[in-house]
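To begin, one chain is listed below as structure tokens, in the form predicted alone.
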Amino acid sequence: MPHYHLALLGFGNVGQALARLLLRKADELRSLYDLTFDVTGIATGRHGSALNPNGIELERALQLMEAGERLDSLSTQPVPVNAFDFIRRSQAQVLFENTPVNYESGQPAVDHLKQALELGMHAITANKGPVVHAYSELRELARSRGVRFYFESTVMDGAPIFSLFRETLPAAHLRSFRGILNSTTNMILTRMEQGETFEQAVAYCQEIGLAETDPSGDVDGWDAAVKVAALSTVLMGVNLKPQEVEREGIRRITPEDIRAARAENKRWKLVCTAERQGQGVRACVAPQLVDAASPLFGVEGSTSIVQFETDVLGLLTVIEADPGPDTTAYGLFADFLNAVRSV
């Protein structure tokens, strides 16, 4: 029975949800998939780190995080000097890289993943930056080392988007896609339909943890543009940077616009689109009015949707309702299981 050492670089809401999921699924992994695991390293930005080649007690790590305490007490090794030292000394076979996204360059996550792959680790991330800035390089590096670089959670949390094409749609060529890929803006627009101002809706999203203290990445369309770039790069084979996506956020949408749209039985949505044009792709993120005939019309709150057009099927639609840290964690967990089973 194979046994895997795991390392968690980043232990925020998603990392902790992953730890809980691993604990919950441990018996199932053993009985159904004939594998076991332990976590030999956890590194955080503000709560220290722990390295233990014999395995860290995950329950205790979660308790310390909940209490706002540091993880250093769980370590049997000297404190790593940085993330690269942590990766090298973790003795892991799988790295989960969940550091904050850098829209401009994907760093330092790109280099974290590169080091893991060079050391022969499977590299799994929920970080969109490396996918749009270094996908080809990381994929080829993984292939040369006989390991996997997977990133299911980068676009629609745990929904199977990348694995759908990788595993179940052989020789299907993606012509275009259209969808709502940013949960925060969809929630803001839904709340504005219920009578809130833009500022009130943003504050609500911040209160429930859906929006950051600085919501500009969402409301100005950057998060959506990165996701469009990731889908175009991986599924359409056209390397696209977020800066190349035509982008407009939702700041100009007023309560008056919302009311006027509803009077015509239409709704404002931040719509993501990409379509092949010759050897390239034209991609766009922008507010659009959708009517009741559109599958996007009924998508409310934090729910996401994407509709694919391929050369072999009709329109294929994936919807994920009310995503959160637990669904993102499942995407990471599924990537782990698919990675170790595929080698």
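Being a predicted model, the structure only gives us computed values, none of them experimental. In this text, residue numbers run from 1 along the sequence as written.
Just so it is clear, the following notes concern the form predicted in complex with another copy of the chain, a form of the same protein that is not shown.
When you look in the model of the complex, the only residue of L71, L164, V101, A83 with a non-hydrogen atom within 4.5 Å of another copy of the chain is L164. The stretch in contact with another copy of the chain in the model of the complex, judged by heavy atoms within 4.5 Å, is 171-179, chosen from 110-118, 171-179, 241-249, 213-221. Put simply, K25 is close to another copy of the chain in the model of the complex: some heavy atom of it is within 4.5 Å. Remark: F11 does not count among the residues lining another copy of the chain in the model of the complex, judged by a heavy atom distance of 4.5 Å or less.
Although the partner is absent here, L29 is a contact residue: one of its heavy atoms lies within 4.5 angstroms of another copy of the chain in the model of the complex. For the chain shown alone, T327 is a contact residue for another copy of the chain in the model of the complex, at least one non-hydrogen atom being within 4.5 angstroms.
Here the marked residues P160, A321 and R341 all reach another copy of the chain in the model of the complex, each with a heavy atom within 4.5 angstroms.
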